[in-house]
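Only one chain is shown below, in C-alpha cells, and it's the form predicted on its own.
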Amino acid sequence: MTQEVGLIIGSIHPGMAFNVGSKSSLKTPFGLPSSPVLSVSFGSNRVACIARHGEDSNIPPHAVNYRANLWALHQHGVRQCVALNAVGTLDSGFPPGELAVPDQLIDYTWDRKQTFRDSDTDELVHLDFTEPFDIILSERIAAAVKAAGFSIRSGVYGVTQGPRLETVAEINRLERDGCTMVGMTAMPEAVLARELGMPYAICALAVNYAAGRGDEGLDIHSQMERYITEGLGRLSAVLDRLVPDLCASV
C-alpha cells in the first residue's frame, strides 16, 4: 500500500464513516504507531490514514507515539499530510461547530519526543520552524472548506499537555499569548512532519468553548459531544472535496 496523501484523524474519528480497504501494520524504529496504516477511499482515490489515539480512541495525547505515526505514514509513501484536530475555542469569532486552519502554534507541552534525531551519532540540525504549517497545503484546505459552503478561520493553536483540560487562568494566559484555539496534539506532530520533509497542515473543528469562555449552559463534555456530532458532516464534506484535489496534484 503506497499513497502519497495521508490523513491523521484525532478524537473525532470514531464517528466518521470511513471506507477502509486494508490495514497495514508496521513496526518502526520508534516502536508501534497508534494504529495500523489504514487505506481509506474517497471515491476513486485512496489515502493512508492513522488513528492518532488508536482504533479504540484510548491513547491520551501525551502518550501518543507521534514519531512512529509520522514514520509509518512516510514509509507508506505519504508525501503530504492533513491532520484533523478537535480544539477548544478562545475566540468569539470562532464558535464551536466551526472550522479553522491554524497558521501558527505555541507549544506548552513537555517531555514529548520532538525529533527523530535524538542520538549523539545523528547530525545536529536546527530546523527552520518559522511557519509551522505548510502554507500551500493550508490554503488548499481552506479552499475545500469554502467550496463545501462553510466559513473558515485562521489563528494560533496553543498546544497543551493534557489529558486534563485547562484552568481559566491557563486559558487567560494562552489568550494573552495570542492563542485563538487550544488543543493537545499539534506538537510534536507538526515538527516531525517537517523533519521528514512532509508538508503538513491542520483542519481544526471547534468542539467546545475553552475554560471561562462561552455560556451555553452545557458542561464541557456535553459541548464536545454535541459539536463533534454536528461537525462530522462538515469534515466529511470538506474531505470529499479536498482529497481528490490533493490526489490530482501529486
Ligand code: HPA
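Since the structure is predicted, the reported quantities are computational estimates derived from the model, not experimental observations. For every residue, the number given is its place in the sequence shown, counted from 1.
What comes next is about the form predicted together with this ligand, which does not appear here.
Contact annotation: this ligand lies within 4.5 Å of heavy atoms from the stretch 160 to 168 in the predicted complex, the single such stretch among 67 to 75, 160 to 168, 136 to 144, 102 to 110. The partner is absent here, but in the predicted complex a heavy atom of Met184, alone among Ala51, Cys203, Met184, Val47, sits within 4.5 Å of this ligand. Among the residues Ala148, Val156, Ala86, Ile152, the one placing a heavy atom within 4.5 Å of this ligand in the predicted complex is Ala86.
This ligand is not shown here, but in the predicted complex it comes within 4.5 Å of a heavy atom of Ala210. Put simply, Met224 is close to this ligand in the predicted complex: some heavy atom of it is within 4.5 Å.
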